[in-house]
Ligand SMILES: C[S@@+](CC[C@H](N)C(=O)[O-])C[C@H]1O[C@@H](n2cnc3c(N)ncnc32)[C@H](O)[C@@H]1O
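Next up is one chain by itself, shown in structure tokens, the form predicted alone.
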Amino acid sequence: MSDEGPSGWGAPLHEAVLDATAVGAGTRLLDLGCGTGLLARAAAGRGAAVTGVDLDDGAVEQAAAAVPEGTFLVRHAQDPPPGPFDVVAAVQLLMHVADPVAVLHRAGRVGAVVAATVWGRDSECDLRVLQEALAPRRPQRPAAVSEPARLRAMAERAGLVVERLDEVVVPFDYADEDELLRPLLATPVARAAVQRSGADAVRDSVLEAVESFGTGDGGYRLENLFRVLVARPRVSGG
């Protein structure tokens, strides 16, 4: 499932991660796959000392501008700075890396607490209706990190002890049809659908799919579940 959504959708998820890991003044936080620094900015706003890494040099540059008091590096999540860090966060990262277990393992080597977030199952996310409208015959996905048992097992293989696995429902609010359609139609799956069926047919299909999610004022609200895992490195001999 794509991480594309309306502007600001990630704020409730970021706050859930920071709350679950008790980030506050003086917390040393490493943000793996920091992107443009939205989680880092929220953590720094709580007084945390923030370091972020990402492979996208443009995103790292934006993060450094957004959080000038932080430290940002172009670096792979499997090769984090040595720390030590109080909290290592991997927000919406695991589904985008080749070896999520390795990322969690390395996070546990440099951090006292590891937090990771993933999408819920398709059935737990209203956003699925957009995907179904664009690709109704898409193949069934294999078991993913969205499955709680699989996510726990990955953390355990990485040498972590899971302390909690929370569920957070995040609303995706769109002010009107244009705000919903514009970013959606720019995605590769939407462009492919337009090539198959034409722009008008795709637009009509999407709007029909979201009709029941209308807010009565021309906008739409789609609620999506995310999982927030919090774990600690396994103590040797424990």
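Treat the numbers as computed from the prediction; the structure is a model and nothing was measured. A residue's number is simply how far along the shown sequence it sits, counting from 1.
The same protein has a further form, the form predicted in complex with this ligand, not shown here; the description that follows concerns it.
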property: 56, 75 and 93 each touching this ligand in the predicted bound form (heavy atom, 4.5 Å); result: yes
property: Heavy atom of residue 97 within 4.5 Å of this ligand in the predicted bound form; result: yes
property: 4.5 Å heavy atom contact, residue 70 and this ligand in the predicted bound form; result: no
property: 4.5 Å heavy atom contact, residue 14 and this ligand in the predicted bound form; result: yes
property: One stretch from 199-207, 61-69, 180-188, 47-55 that, in the predicted bound form, holds residues within 4.5 Å of this ligand by heavy atom; result: 47-55
